[in-house]
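Just the one chain here, laid out as structure tokens, in the form predicted on its own.
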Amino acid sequence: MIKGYPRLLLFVLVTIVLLWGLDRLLFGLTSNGALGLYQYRVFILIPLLYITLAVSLNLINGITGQFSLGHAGFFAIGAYLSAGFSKFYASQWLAGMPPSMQGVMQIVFLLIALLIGGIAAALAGLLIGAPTLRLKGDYLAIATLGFGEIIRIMFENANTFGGPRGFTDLPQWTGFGFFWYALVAVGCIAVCRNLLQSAHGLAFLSVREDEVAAESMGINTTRYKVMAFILGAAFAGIAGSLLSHYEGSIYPNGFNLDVSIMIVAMVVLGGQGSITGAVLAGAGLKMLEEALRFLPEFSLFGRTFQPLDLRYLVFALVLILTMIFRQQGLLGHREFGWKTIGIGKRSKVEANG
């Protein structure tokens, strides 16, 4: 085990340096006008955010074979609770510090806020997972759907968090944004990828392939389903925390059922069980949504439509075509290789499934 730690440390350091360098490059391009702030946000930051959400849900829906429709609830918990800590506590502590320390302490408080968002969402994943994950199929989907809507309605009626007006005037500590968004996305991908290579990953896959057979082999299927929920929820909470600290305001409607359905669509389109498939679909569907904004309006049946108004129809058509022509999604259970360009081999568990 000790031999692996220097390699892991080297990977972390190289990743941080590369992402910081890309962040500075994008900052320079935006500063000199070569890249607009709108393009920077909707074609770089938002796809990175949804990559994290899609990969984290893929751990639940794709790798473990469950069907959750409540991912937006974990997203909201991380966003609201971390923002509450930063606005009501950290910003006041920061104001009382010398100006020379405020830059460093902003990063410290941001890390604490991300930790709060991730832990709070993980605890919610435990609370919803423990009693409901003995359910299967449609029953589990309905239970998680109800959970997501309950969370949204709770924040919508909580005056402390702005209620239906939204939680505004939040501290914006993510700097230019790309570094933190990309770091969380890379971290989520790395954790899920390495988990799949471990014995625990094989247990997750066995639950997906045949739960009865897994239990007969001594695998505690409920435990692994709850573990998947906790990990997936934690990354969704961290993603929500990043969103609130970059945007400076969040609203209950930004965490409704439509968001959960869109993330599920990303997982299905990319291939349930494929991490790189979730990455491609997560970025692709959000970029497709934003590209619809640039198309001209048109008239149909006596009404005038904006292409963006029909985005859910477009997503539905994409999913229908996927189910007709490629039921396993873009990549199925396959992954792009990490050492070479191309499609990597499936694991023995998937190959025998």
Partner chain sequence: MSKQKRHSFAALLSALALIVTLNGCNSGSDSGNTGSGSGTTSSSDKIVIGVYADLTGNTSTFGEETKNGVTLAVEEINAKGGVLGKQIELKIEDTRSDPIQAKNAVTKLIQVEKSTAIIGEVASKLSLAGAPVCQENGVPMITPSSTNPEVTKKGDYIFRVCFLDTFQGAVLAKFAHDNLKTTKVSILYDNSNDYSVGLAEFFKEAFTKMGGTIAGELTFKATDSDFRSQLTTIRGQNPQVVFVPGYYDKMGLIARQAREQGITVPMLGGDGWSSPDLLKGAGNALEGCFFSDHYSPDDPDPKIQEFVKKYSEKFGKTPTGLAALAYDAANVLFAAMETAKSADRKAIRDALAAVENFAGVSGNISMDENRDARKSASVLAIKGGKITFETKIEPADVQM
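Just so we're on the same page, rigid core means the largest C-alpha set that superposes within 1.5 Å between forms. Predicted, not measured: the structure shown is a model, and the values here were computed from it. Numbering follows the first chain given and starts at 1.
Same protein, other form: the form predicted in complex with the partner chain, not shown, and the subject of what follows.
- For the options Tyr251, Tyr89, Tyr139, Phe176, the residue carrying a heavy atom within 4.5 angstroms of the partner chain in the model of the complex is Tyr251.
- Proximity to the partner chain in the model of the complex, taken as a non-hydrogen atom within 4.5 angstroms, holds for one residue of Ile153, Val108, Ile261, Leu126, which is Ile153.
- With the partner omitted here, the stretch from 263 to 271, 140 to 148, 77 to 85, 239 to 247 that lies within 4.5 Å of the partner chain by heavy atoms in the model of the complex is 239 to 247.
- Contact between Pro164 and the partner chain in the model of the complex is found at the 4.5 Å heavy atom cutoff.
- When contacts are judged by a 4.5 Å heavy atom cut-off, Ile324 does not count as touching the partner chain in the model of the complex.
- Although the partner is absent from this view, Asn157 contacts the partner chain in the model of the complex, with a non-hydrogen atom inside 4.5 angstroms.
- Of the heavy atoms in Pro296, some are within 4.5 Å of the partner chain in the model of the complex.
- Although the partner chain is not shown here, in the model of the complex the stretch 267 to 292 places heavy atoms of Glu289, Glu290, Ala291, Leu292 within 4.5 Å of it, in sequence order.
- Core-aligned CA deviation for Pro296 between the shown form and the other one: 2 Å or greater.
- Once both forms are overlaid on the rigid core, the distance between the two CA positions of Val318 between the shown form and the other one is 2 angstroms or more.
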